[in-house]
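Next up: just one chain, as structure tokens, the form predicted on its own.
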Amino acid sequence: MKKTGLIFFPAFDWSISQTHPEREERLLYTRDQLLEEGFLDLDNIVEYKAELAETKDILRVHFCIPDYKGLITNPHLIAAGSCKLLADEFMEGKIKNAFSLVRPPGHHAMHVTYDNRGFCNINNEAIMIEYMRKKYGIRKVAIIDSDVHHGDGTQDIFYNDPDVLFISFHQDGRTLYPGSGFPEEAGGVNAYGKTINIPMAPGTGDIGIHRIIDKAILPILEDFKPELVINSAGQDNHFTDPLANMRFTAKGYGLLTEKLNPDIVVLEGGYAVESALPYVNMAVILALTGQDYSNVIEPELKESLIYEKEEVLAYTDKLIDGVNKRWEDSKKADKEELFGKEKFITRRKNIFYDTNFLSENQIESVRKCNSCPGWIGIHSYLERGSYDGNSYCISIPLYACSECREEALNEYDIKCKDKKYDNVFLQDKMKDLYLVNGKEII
């Protein structure tokens, strides 16, 4: 009998502050509930012990500036390593699916990372996915981010990768951190249409979210045909969550999991420690194991707290129509018409780090290519923050063509000789190399 794999890692020794919403109790209440209900004694559940990720796993995904040693703690390595362990067990056929209940979370950590933002330093599921693609040769991956906050970090990491479908449904960024995740954020020049954002109106609950799943997400997944489905699972769409304004229930989350049928679920947010997380996570686990979750009922559940207004549902229907139209239009989109005729497509970004109030400026250039995702160059510096260095980062994708790879390596040599930059980074995913100023780090 194939089992569901679980890992719990509450990270007792990591917190932003003692009273911060992102704290160890987020997982302790869930574990107590599962022990009380006897979940871990079930034949179709196997619990694993957490493991450390390696430095190269992190640097395969992130540019850590000024260096990785000041950014990554053991809890971060364990959270990412736990996802890796479950990935191995899944790929080796030992389990049918998995749920990584770990913290710190990761989906706000971007390709370049200086510090903690949105409670995230490094991106757990991105690290796991790139590890799986490198080790097992997986190419097409779908990520469905169900956190109430837009998964801007995961979007940023895979924005230019045509083999990764990233779907995020979240509370509208005009009303909630991080203020992004709008439909026009649809993917880079070589991956247009592979980023899908669904910004929901505050007050959306079970009815609206499941309309989105049934009428937009599931048909797009069927069309894309991924080899691997990952659920970046934020439990903060719940009607009791203190940081948002949505109306989802534990049973709604269970049904979401049943419909998406993810291979691996990675926990992200969710800050109603007692009233939501134990029940939502229990419903998700029951759905993963193929058991009935209909009796998972929160003690605070009232009709008045989950009622969805007609105007909210009408807005949801318009969102669905827009998503489906954009998906179909993206298949026949003209690159030159959308992005111009230039060889490199440039985006300017200002990224705010809310924990320590850093402000990063980026100029990202992506090589337009018909054969691969294209190599990426990023000029990054802090407008406000303790590090005043000027950095240039070059990333060679895992499935780069020979022309893009050669161009990127030549550009790296040129930038290393340019006295304009304090640090020049090379992330070579094809060769699993990470260099800083010509020196190999891993």
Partner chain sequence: MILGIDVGGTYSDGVLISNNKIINQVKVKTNSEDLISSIKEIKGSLNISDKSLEKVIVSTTLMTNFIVEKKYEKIGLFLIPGPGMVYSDSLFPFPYKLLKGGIDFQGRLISDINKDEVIKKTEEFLNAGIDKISINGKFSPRNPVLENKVYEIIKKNFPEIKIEKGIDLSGNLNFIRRSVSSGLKIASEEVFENFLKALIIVFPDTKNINILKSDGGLVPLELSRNFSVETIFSGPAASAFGALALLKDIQSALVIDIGGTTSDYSLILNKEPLFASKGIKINNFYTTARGLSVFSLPLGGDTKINFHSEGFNFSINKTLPAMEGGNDITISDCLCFLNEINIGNRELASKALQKEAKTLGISEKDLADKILNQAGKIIADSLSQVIEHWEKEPKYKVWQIENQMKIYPEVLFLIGGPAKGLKKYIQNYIDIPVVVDSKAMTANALGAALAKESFSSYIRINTSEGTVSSGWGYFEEKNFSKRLHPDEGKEYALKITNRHLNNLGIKDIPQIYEHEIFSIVRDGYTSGQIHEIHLGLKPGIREGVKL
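No experiment lies behind these values; they were computed from the predicted model shown. Numbering follows the first chain given and starts at 1.
Just so it is clear, the following notes concern the form predicted together with the partner chain, a form of the same protein that is not shown.
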271 to 279, 359 to 367, 206 to 214, 167 to 175: which one contacts the partner chain in the predicted bound form at 4.5 Å, heavy atom to heavy atom? 271 to 279
If the criterion is a non-hydrogen atom within 4.5 angstroms, does every one of Arg23, Gln33 and Leu40 touch the partner chain in the predicted bound form? yes
The one residue among Pro199, Gly193, Pro75, Pro226 placing a heavy atom within 4.5 Å of the partner chain in the predicted bound form is Pro75
Contact residue in the predicted bound form, chosen from Tyr399, Tyr412, Tyr68, Tyr48 - any heavy atom within 4.5 Å of the partner chain: Tyr48
When the contact criterion is heavy atoms within 4.5 Å, does Leu433 count as touching the partner chain in the predicted bound form? no
Heavy atoms within 4.5 Å of the partner chain in the predicted bound form: does Tyr421 have any? no
Consider Phe9 of the chain shown here, and say whether it contacts the partner chain in the predicted bound form, taking contact as heavy atoms within 4.5 Å. yes
Asn295: touches the partner chain in the predicted bound form, heavy atom cutoff 4.5 angstroms: yes
